[in-house]
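This document starts with one chain, in the form predicted on its own, laid out as structure tokens.
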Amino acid sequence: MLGAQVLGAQAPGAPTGRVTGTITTSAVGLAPMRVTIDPKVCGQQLPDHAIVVDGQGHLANAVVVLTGVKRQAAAEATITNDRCAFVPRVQIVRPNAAVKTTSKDPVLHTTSAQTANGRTLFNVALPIAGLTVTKAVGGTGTVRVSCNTHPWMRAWLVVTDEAAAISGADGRFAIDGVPPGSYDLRIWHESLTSAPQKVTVTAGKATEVSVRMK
């Protein structure tokens, strides 16, 4: 975990700043995936959302974490099996959050969650549409979600107790309510990498950053 230097204690109600920015890449979107299992439900091919980028290089689904700023993320997440894809692709949750997994598809899906070191957190079967199963994630880290039946399916949970945001389709992100100080900005993406950045936040202002992922 990268350290962060915070300048001074933050009194309740004290002015804060914000960190905003754009995530870009020179990588291009991936070709559609050919479907070989359950094509009547899944379709003949599916988009590969491992890299979601527009024509200007704006990258979606990158997670930006502001190290040293504690923040309570969502206590609950829902992962939906929809036409043989997990929706949404990337979510941010707090440690020990409840994860609901459900399905809209009339085929067997499984939701298997593993930590970065390969430890299985849970593996549940959803044999029918409309069934919902709730499990808990553990401590901080990145959790990969896959389906044993349809091996192309992926989703990701970034479990953190620090301030974080996900870049949108335009590559933009924003983290509000940041106490003045100097911090490390860590960027995660399932397929691309980027070095951490130093940012300095001033009360009442937005600190704009640009991140290029490779």
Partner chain sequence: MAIPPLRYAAWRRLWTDEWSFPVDERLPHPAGTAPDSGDSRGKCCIVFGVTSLLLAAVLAIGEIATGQARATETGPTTIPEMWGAWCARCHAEDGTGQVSEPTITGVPMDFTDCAVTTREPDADWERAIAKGGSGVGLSPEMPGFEDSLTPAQIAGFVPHLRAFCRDTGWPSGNLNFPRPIITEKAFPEDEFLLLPAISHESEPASASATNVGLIAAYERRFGRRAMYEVSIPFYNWDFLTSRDSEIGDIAVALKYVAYASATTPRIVSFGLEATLPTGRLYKGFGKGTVVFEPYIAAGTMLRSWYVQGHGKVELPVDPLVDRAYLYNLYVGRDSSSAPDAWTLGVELNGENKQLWITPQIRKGLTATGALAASLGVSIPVKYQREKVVSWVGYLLWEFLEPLRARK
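Numbering follows the first chain given and starts at 1. Being a predicted model, the structure only gives us computed values, none of them experimental.
Unshown form predicted in complex with its partner chain; subsequent notes refer to it.
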{"query": "Contact test, all of 166, 172 and 177, partner its partner chain in the predicted complex, heavy atom 4.5 Å", "finding": "no"}
{"query": "4.5 Å heavy atom contact, residue 120 to its partner chain in the predicted complex", "finding": "yes"}
{"query": "Contact of residue 108 with its partner chain in the predicted complex (heavy atom, 4.5 Å)", "finding": "yes"}
{"query": "Partner contact for residue 148 in the predicted complex: its partner chain, 4.5 angstroms, heavy atom", "finding": "yes"}
{"query": "Heavy atom of residue 135 within 4.5 Å of its partner chain in the predicted complex", "finding": "yes"}
{"query": "In the predicted complex, the one of 124, 74, 98, 87 near its partner chain [non-hydrogen atom within 4.5 angstroms]", "finding": "124"}
{"query": "Partner-proximal stretch of 155-163, 179-187, 36-44, 54-62 relative to its partner chain in the predicted complex, 4.5 angstroms, heavy atom", "finding": "36-44"}
